[in-house]
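Okay, so here's just one chain, in structure tokens, the form predicted on its own.
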Amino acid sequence: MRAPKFLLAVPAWAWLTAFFILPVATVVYFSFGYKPGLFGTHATDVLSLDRYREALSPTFFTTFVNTLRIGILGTLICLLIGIPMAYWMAVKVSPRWRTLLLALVIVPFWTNFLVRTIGWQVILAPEGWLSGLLQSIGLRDAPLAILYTRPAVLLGVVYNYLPLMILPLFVAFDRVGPALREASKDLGADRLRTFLRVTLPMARPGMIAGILLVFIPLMGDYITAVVLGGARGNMVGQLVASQFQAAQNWALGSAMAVLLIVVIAGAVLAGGLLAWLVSWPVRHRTRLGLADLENIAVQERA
């Protein structure tokens, strides 16, 4: 009990060091090496930046741009779907049904990620039941041709990562007490204005958490690209996996992985800075309004 307080964090730091810092440092070190011959995987006796130049060549750079486009668009779609869904679950649904709805949101995680993605491959196949249904009711006169395209990859990532957006948004909306919404209505605000000026700003931490939980793993996803995209849905994660497994070029794969980390960090920082600059005037007005609402809510409780 008299030990230094920082010892409580030692297990966490040891875990992060062993399973995050050291593996990432190893990948960074390998990225400066090269592939020694046909049967070698990596060598680091001569260090250079050649693998980064190779990874940024026009062939691979296009894949980086495509991955960033899918990551941003997929995250935005998850956000647009997740906000109304989470708000409905947290505010409109009776408390006795919320547990069931949360369980239904989590149900997809009970199944393996690969199995869920293969399920969409079966559904979107030209000879699948969805294609047959659309043709039988007259909405299409030819088999469905969405499989192995970028829209199929986008559909797959939204399906796989949407629960990671809904759950933190639900927690954020649930923490906005009804007293604040009632106080906003007492001041003359309608439902839409209450949502935009009170509920949504107070749910900002949940939105940030959901965006990070979706965008970061989505950028590194390669299973969805392989199963649903084929050659047309190529993503950086797929390239990294192919360099480590098929090509056995660990140096080039490591350079791609490091660049992917840099792209993700840069996109998160740029997005955060842009959101802060755009929302500063609104945040300043909202802060003043929420202070008045909290005072009214306290008075109503009293």
Partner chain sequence: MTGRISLTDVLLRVWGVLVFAFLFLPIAVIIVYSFNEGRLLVSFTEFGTTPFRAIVERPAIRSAVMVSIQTGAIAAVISTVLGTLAGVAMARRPGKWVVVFVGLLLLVSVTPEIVDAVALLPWLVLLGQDAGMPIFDNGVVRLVIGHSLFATAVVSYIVRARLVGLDAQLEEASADLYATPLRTFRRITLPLAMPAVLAGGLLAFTLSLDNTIISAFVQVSGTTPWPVYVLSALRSGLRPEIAAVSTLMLLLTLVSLTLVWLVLRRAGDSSTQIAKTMTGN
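Residue numbers count along the first chain shown, from 1. Keep in mind the model is a prediction, meaning the values are calculated, not measured.
Form predicted in complex with its partner chain: not shown, discussed below.
Task: Touches its partner chain in the predicted bound form: S136 (any heavy atom, 4.5 Å) - done: S136: no, not in contact with its partner chain in the predicted bound form.
Task: Proximity of F30 to its partner chain in the predicted bound form, heavy atoms at 4.5 Å - done: It does: once its partner chain is placed as it appears in the predicted bound form, F30 has a heavy atom within 4.5 Å of it.
Task: 4.5 Å heavy atom contact, F244 and its partner chain in the predicted bound form - done: It does: once its partner chain is placed as it appears in the predicted bound form, F244 has a heavy atom within 4.5 Å of it.
Open item on the list: Against its partner chain in the predicted bound form, would L144 count as a contact residue? Criterion: heavy atoms within 4.5 Å.
Closed with: Although its partner chain is absent here, L144 would stay clear of it in the predicted bound form, with no heavy atoms inside 4.5 Å.
TODO: Could you list the residues in 21-55 that come within 4.5 Å of its partner chain in the predicted bound form, counting only heavy atoms and keeping sequence order?
DONE: Counting only heavy atoms within 4.5 Å of its partner chain in the predicted bound form, the contacting residues of 21-55 are I21, L22, P23, V24, T26, V27, F30.
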